[in-house]
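Single chain ahead, by itself, as structure tokens, in the form predicted alone.
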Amino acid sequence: MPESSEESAPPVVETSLVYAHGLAAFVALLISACFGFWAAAELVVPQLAGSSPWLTWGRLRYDHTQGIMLGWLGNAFFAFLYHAVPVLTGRSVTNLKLGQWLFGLWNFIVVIPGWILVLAGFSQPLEWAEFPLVIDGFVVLALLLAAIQFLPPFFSRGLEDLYVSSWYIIGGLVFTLLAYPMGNFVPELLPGARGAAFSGLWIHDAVGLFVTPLALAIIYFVIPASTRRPIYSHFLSMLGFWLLFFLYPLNGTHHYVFSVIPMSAQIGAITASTLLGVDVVIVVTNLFLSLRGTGWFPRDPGLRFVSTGTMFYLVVSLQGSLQAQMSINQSVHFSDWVIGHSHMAMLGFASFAALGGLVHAWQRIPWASYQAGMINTGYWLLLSGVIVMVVDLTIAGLVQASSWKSGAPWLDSVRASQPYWAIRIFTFLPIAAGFFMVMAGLFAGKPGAGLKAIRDTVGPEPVAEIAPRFATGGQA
């Protein structure tokens, strides 16, 4: 029977929070890129910072990684969720005021103070957990508020109509809330190898249980919304979802191959890493079959970003499965190939997906600025910059591994790396310019131009395949 008029009315999309988190994401991104640029430059010019402890390599690198994960991707994901959750559920998010508190907490209590404390010398020497413990407490609080803000709409009508994006959003928010304390608090309490094992789990859980699910939620949302066609196979979508959440928590120990951690745990992590590669092939095959007919570089800029992010997802995941194998891990574990791998994950896969989600949501804000030409220019700058950086670091890593295997003095590998490190510095220019152009296309264009563009092409209405009840006017 028809629902009440109040229930069938379109839900409110909090566009002000989409805009606020989007702006914060780009500001954090450009600042984090500058941290990374300076840290990369110090590998070539070690005395660049002079005697200032605030600009030492370790502190800059910590702020770079945490800024990318929490400042850039965290804000970008929240911005997209404020658009996607009402469309997926037919319900508004929990509360506008709660959203304002979450925005302030995430940016002015977590990201900015975290950066300052790290530069001042207060940090944790833990991978992907570098912000000090006092900041970690506020991150957990913010993740709890995010769960309260975004999860209740999914359960208001039951689970029978949940689209695959909904599952990834629920999984990403719930598992991150559980995994973050494990990776940031537990290693401080357990000494030696036991603490390192938990830290190793978090190194991959940060990517696999926070970044990957929310990036895939964007991809699974944008593809049908932009092509007006359903995902090729819902079965393959859900198979990929459950394999991800069953396998990824086991992966982290592959960072400690040949360590004192029990060999059974190491073999388990290597096996899980291999199987995860199979899972990614399933997921990406399903996504590319869903993209058939759109071309290698789709005309819609949001769709183009997510399709490119999908390709990066395939390459980086197969690369990770390969690097986890003992014979390869033994040679390349500490090399720059691993650094290139991580940049492909965060700047290639995750950032391209996040940009696709932001562009898609931005187009549907009636009053938001939009300039397609700048966004398209930004795409090509980013694609070229990321490819050159990843290829450069991969070659550097193989050169380093060859030098180490030959038994040459370690400093020989450092000298051989210098030209590749110099090239990496220069890749900052197209990458930073690309991000800036996309930002300019979203903040300095003509108001309402994005909405006009989609009205003239695919149309702004919700797609039945991703929001069946909302798209049919709220019929039960």
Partner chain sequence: MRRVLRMSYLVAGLGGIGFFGMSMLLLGVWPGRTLEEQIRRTQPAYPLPPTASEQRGRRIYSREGCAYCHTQQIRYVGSDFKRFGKATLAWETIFDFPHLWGTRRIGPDLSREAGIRSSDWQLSHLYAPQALVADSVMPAFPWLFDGAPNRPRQEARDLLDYLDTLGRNRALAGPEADVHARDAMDCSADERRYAFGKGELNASPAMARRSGEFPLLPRVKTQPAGQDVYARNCAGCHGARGEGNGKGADGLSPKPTNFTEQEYSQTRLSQALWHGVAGSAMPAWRDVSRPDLAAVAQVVRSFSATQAEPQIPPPVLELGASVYKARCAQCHGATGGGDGTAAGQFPIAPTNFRTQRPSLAASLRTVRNGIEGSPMAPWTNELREDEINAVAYYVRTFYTGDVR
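Residue numbers count along the first chain shown, from 1. All of these numbers come straight from a predicted model, not from anything done at the bench.
Just so it is clear, the following notes concern the form predicted in complex with the partner chain, a form of the same protein that is not shown.
- Proximity of residue 279 to the partner chain in the predicted bound form: non-hydrogen atoms within 4.5 Å are absent; the residue sits far from the partner.
- Using a 4.5 Å cutoff between non-hydrogen atoms, residue 307 does not count as a contact of the partner chain in the predicted bound form.
- The partner chain is not shown here, and in the predicted bound form it never comes within 4.5 Å of any heavy atom of residue 75.
- Though the partner is left out of this view, residue 64 does not reach within 4.5 Å of the partner chain in the predicted bound form, counting heavy atoms only.
- For the options 380, 232, 297, 334, the one in contact with the partner chain in the predicted bound form, meaning a heavy atom within 4.5 Å, is 334.
- A heavy atom within 4.5 Å of the partner chain in the predicted bound form is found for one listed residue only; from 123, 286, 371, 319, this is 123.
- Taken together, 175, 194 and 330 are fully in contact with the partner chain in the predicted bound form: each brings a heavy atom within 4.5 Å.
- With the partner chain omitted here, the record of contacts in the predicted bound form names 186-194 of 186-194, 311-319, 143-151, 286-294, defined by a heavy atom within 4.5 Å.
- In the predicted bound form, the partner chain lies within 4.5 angstroms of at least one heavy atom of each of the following residues of 414-428: 414, 415, 418, 421, in sequence order.
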